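Shown next as structure tokens: one chain only, the form predicted on its own.
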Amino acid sequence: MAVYFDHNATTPLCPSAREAWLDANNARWHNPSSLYRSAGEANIALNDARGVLADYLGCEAEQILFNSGATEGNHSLMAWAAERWPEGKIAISGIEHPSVREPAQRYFPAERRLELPVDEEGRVRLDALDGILGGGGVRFVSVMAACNETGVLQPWKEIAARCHAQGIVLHTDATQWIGKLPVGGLASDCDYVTGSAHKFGGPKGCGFLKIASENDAYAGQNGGPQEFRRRAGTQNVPAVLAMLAALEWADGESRRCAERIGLERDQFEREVCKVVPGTRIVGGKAPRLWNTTLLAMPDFEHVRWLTRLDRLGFQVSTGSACSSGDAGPSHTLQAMGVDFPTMKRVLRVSAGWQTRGEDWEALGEAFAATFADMASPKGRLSGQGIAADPRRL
């Protein structure tokens, strides 16, 4: 069996989520907006789940809107903010996920859109943030909680304090944070929070948006009374119940094994840097998610590494799964000052809650064997003239 090291892209459905989903599809499949008893039971289950998620995040149930995931939440939030503040400016970090970056570009013209610079480790520069906020006109700021590519954690508490001191709204895409790290203060410090179930063992196509307050003017999708008239469409009750089961599971597993896996990840990094001299850990000097490492290899393009590791039974990534089909440079790495040739040699390794120490050790050995093979005269010859498309390798 292949050893999966791409959990930042998506996670397998955990057993408790699968069980909750199957049970709900048997007993709670009705439309929760209908009026008969079975539909009412589905509605009760949906709102019970809303209350559980609100308690977990530390907010009111009326602030939780269920949707199809963080991409929908981010997109609808950008569209609403552009309409809500028609003359206001938005500031987003240079490392934001495309689901924030692209709708910001779509709904805010260039003169109303500012970019928050990051340092060489990929953390938002607070001095630059102060300057941008002090310049006037900014009404909305969006900074992710943890970077999907590097795993670097953002100082969202400090960012929130600076924004709120000037009456500016803050959104954080917490897709990679939730289920891996404690959420204390996330919902109270950040006005808007988005998340996706499939990043922590839940089903794809399910997520949430936490809004600023139950009296918030936010409305994202018209066409029905669902989700307090803020997001129309029949709710996917089985997926929501599976998401909550997955979150409970992931939170417990993170408390149990995060420290162990973090130490094993650190040991893996030291081993790779030893067996492949010149390897660099991107963002390695900053606080990071315990499961993530982004390796800048000293030689050979990342697709050659990926395909050879895949043949050895290890599934890793060349970076963000959402942009893996894009041959252009990573805007995240650009913002960090990484040059384009280095970008073409980066590999992301992201473990899961069930990753074992022997999996890390075996992956380190696979890196050593792959490097030795590609560095040999035969290996170098076999890599000449091959297009950067894994389907052709």
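Keep in mind that this is a model prediction, so the values were computed, not measured. So that there is no doubt, residue numbering starts at 1 and follows the sequence shown.
Beyond what is shown, the protein has a form predicted together with a small molecule; the following relates to that form.
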Candidate site Gly151, Ser317 and Ser350: all three near the small molecule in the model of the complex by heavy atom within 4.5 Å: no
Which of 190 to 198, 121 to 129, 238 to 246, 224 to 232 sits within 4.5 Å of the small molecule in the model of the complex, heavy atom basis: 190 to 198
The small molecule contact in the model of the complex: Thr292, any heavy atom under 4.5 Å: no
Contact of Thr279 with the small molecule in the model of the complex (heavy atom, 4.5 Å): no
4.5 Å heavy atom contact, Thr175 and the small molecule in the model of the complex: yes
Partner proximity in the model of the complex: Asn74 to the small molecule, non-hydrogen atom cutoff 4.5 Å: yes
Among the candidates Leu65, Ala49, Ala70, Met336, the residue which, in the model of the complex, approaches the small molecule to within 4.5 Å (heavy atoms): Ala70
Proximity to the small molecule in the model of the complex, single hit among Ile211, Met144, Leu186, Val141 (heavy atom within 4.5 Å): Met144
